[in-house]
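Coming up is one lone chain in structure tokens, specifically the form predicted alone.
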């Protein structure tokens, strides 16, 4: 009887947690298709409309420009951060040099600094350089944020790769770069893909720096959500439509590479 009650208790707890987690997402998706008069109602009896998605792409919201900014900033950040982090992770994993652990800890310690502490120095630096409200400023900031995290992730995956094949290839005359290109990177591909996903998601969802460093030309999607707070109040139907535009690409990406994502997370969990 106790075992039976425990089984039902676990299932009830899982259902409760699932409802708590999924309810805001479901509410956002439903509200995105509601008319303004239905946005404040929890009723499922409403006439769906696509007008909200049309409205957010028109003046004065211009969500299309924000989508373009987010895509460019996130993509360029991934294309720069992942290759650089892969080489750095390989160095930390394979080379036994003095101060290696301290340097690795120093890189990781940058993740412990609250973003609000360093946003003002970045603002002053970019203002001096004339880079405020530019995509380049956001790319530089996001590189500083995600690169230490990606180094740490990829290092865990490379640590799990045996060194026997690398040593055999180098004995046969292969250079270090060729070993990395032909042996390490293919074996660490699931982990690198996983790191790329996390890097893209972190950059795509970044809010604080984009809020402080942009005004009009380089505004990204998360910051654009703030613009739906007007004198009429919060435009929940438009905000939800923009929220769908933010979350759907991440969901699609996760579904397309779910198998590689799971394999990468498992490979980096053990050595």
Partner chain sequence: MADVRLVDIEKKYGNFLAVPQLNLTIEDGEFLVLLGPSGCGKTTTMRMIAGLEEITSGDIEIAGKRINDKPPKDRDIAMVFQNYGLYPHMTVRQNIDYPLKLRGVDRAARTRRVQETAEKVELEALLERRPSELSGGQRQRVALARAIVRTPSIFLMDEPLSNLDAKLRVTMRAELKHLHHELGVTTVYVTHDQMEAMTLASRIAIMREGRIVQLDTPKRIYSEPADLFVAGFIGSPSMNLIDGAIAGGVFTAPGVSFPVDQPDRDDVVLGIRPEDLEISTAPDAPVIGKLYALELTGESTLVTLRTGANSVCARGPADHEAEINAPCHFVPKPGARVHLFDRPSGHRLDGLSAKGQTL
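Nothing here was measured: the structure is a model prediction, and the numbers come from that model. Residue numbers count along the first chain shown, from 1. By rigid core we mean the largest C-alpha set that fits within 1.5 Å across both forms.
A second form of this protein, the form predicted in complex with its partner chain, is not displayed here; the remarks below concern that form.
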For this session: Check each of 189, 170, 72, 136 and return the one that places a heavy atom within 4.5 angstroms of its partner chain in the predicted bound form.
Result: 170
Exercise. Only one of 131, 183, 193, 76 has a non-hydrogen atom within 4.5 angstroms of its partner chain in the predicted bound form; which is it?
Worked result: 183
Exercise. Residue 160 near its partner chain in the predicted bound form, any heavy atom under 4.5 Å?
Worked result: no
Problem set entry | Displaced residue check between the shown form and the other one: residue 186, CA, 2 Å or over, core reference | no
